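Two separate entries follow, structure 1 and structure 2, each one form of the same protein chain as structure tokens.
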Structure 1
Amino acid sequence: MTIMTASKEVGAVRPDYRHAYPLLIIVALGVTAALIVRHSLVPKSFGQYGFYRAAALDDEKARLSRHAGRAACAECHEDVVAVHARDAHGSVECETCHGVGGKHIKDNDSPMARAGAKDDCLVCHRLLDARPGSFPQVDWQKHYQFVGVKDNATACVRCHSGHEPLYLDQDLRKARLHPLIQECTSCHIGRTDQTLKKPDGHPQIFQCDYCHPDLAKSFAKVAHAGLRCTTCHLFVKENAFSGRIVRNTNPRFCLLCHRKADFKSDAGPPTIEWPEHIKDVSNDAPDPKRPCVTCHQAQIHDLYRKDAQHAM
């Protein structure tokens, strides 16, 4: 306040800024230089989408894909892909076992990995406590002992084909729903409802002998008694109260255990040569689709028939 009144008394004095001109020029030059340097250093596309170089997106997009996907495999290996898609490994991509295919597609001489060693299969199927219980896992030492495999180096693919491990007759995904499950929806309307009162005698749908006690009793007497029902009647659990059942009657499914092979000892299950076995025991021409159970039903369990036997 004092300064202002003083200046008024003296009269209007024009402020003198001359001393600032050199400073202003230096600052202006500095700013210009900085702008020029910034212009040359900051990439052109910087800031187009955000605080980054938009051209980096194109750099990233320009990279080539190496995994080709099964559709590309099917262009040449249609038969294998078709068989593979139907069986239990249907959800497994070709490249998961065989490695990336981009190179092989461009250049046929560059081979894919075979993926046939025991350790290749055990990557997924080794028995681990953290694996979901519904996923098939094997303690390979016990399994080799059970089927009488002499050499521990024997590859899994000597019995189990990698492409059709179970020799399924039909597409797993199109297998029929377990008949009981079709009735579930009469109470469970589109939900596994916890609020519904559980009626007395509610079926235990994942416990076979609950509904099939006669079959379970007869099965306990045969040589196969050590096996689980689901070893042959594959039960594919879809969710908490639904599943599909697959009765596999492909003879090659039985032969998974019962085929004679040089790596098997006599300690395992009885083995046969096939299809020579058909010629030995029958006059019929060997039919690769004729199931073993046509003759060997008694060794499995009494055939489930609605008429005579089941009523007893």
Structure 2
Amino acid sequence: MTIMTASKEVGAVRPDYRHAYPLLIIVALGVTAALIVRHSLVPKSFGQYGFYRAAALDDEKARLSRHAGRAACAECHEDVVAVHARDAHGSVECETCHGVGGKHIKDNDSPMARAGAKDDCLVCHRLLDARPGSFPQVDWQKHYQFVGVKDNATACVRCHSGHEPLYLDQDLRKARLHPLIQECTSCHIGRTDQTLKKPDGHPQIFQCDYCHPDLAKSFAKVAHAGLRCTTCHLFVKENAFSGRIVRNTNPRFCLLCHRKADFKSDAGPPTIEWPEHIKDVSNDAPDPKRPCVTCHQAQIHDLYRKDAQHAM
């Protein structure tokens, strides 16, 4: 009873929150400022199509295209585009090798890249286990050794044009359809030796000598016997059953290996001066488009055998 009386006499102490008022005012001012800033910064079209800025669509439409496309290139380079479209790189867009062209289209003085270094080509054509066997690949060290290139820094474009890498004598898109040609590397990733004997029970695959046995036998006896048929008879796969095949007789194709050049050594295939070679061996008017096989058929295979003519 004494304690309760004392408590009533003194009175209870009431809590004092006045020290928190400044903090509450600062927080309130901060929230107000944030709402004002948000209102001023958030675009008016925000939320019109969901949690996005609707006006962004108009901004993107007005933006200069970085990639111009092949049609834009053809407006000034029609002849180059026409040549490019008929050769092995026909499906490759111009800007894949030359970089984006939007700025160049707008300002002709703005240069574009001229891909030509060896590594530029090897981005697509370096021999890799991850790539399908039907894709053109090259072990560049062995390739350079085979054609007698002295300096490993030599660019691929010293022999191969980026627009006409194989110098086809006909439009690849118009080449005849051919049954699918299989190679060992189509299934055996990383195995480049295609001379191994197939084991018993091996799945049947279509190879050149199945339909062209006489030509295959005659080819095995000539100087080019170390090459695969598809080295000269280019095969481009179109689907799981067939592709386009080109019997390439363009002299510039043969000159990929046999043209004399300062970057080639005597260790490679025999080389000739071109077109001086035509003058040396013929009294006829020089014709740089005359197929090499007109004179050198015996170095490839015998097309003139009666039992082999139908095979081509």
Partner chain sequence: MPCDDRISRRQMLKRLAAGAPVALLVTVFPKLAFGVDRKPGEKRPLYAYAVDVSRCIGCCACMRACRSENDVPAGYFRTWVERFRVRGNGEVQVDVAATDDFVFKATPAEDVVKAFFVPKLCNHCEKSVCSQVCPVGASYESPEGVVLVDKKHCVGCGYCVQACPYGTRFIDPVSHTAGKCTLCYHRITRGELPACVLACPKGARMFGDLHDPKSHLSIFLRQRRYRVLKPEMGTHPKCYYTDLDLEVI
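Numbers given to residues start at 1 and step along the sequence of structure 1. Please read these numbers as outputs of a predicted model, since none were measured by experiment. In this text, rigid core is short for the largest set of C-alphas that superpose within 1.5 Å between two forms.
Novice: Is the form predicted alone shown as structure 1 or as structure 2?
Specialist: If we ask which form is the one predicted alone, the answer is structure 2.
Novice: With both forms fitted on the core, give yes or no for whether the Cα of R18 moves by 2 angstroms or more between structure 1 and structure 2.
Specialist: Superposed on the core, R18 moves its C-alpha 2 Å or more between structure 1 and structure 2.
Novice: Rigid core aligned, does the Cα position of G69 differ by 2 Å or more between structure 1 and structure 2?
Specialist: Not so; G69 is displaced by less than 2 Å.
Novice: After superposing on the rigid core, how many Å does the CA of I36 move between structure 1 and structure 2?
Specialist: For I36, the C-alpha ends up 11.3 Å from its position in the other form.
Novice: What Cα shift, in Å, does F51 show between structure 1 and structure 2 once the core is superposed?
Specialist: Its C-alpha moves by 5.0 Å once the cores are overlaid.
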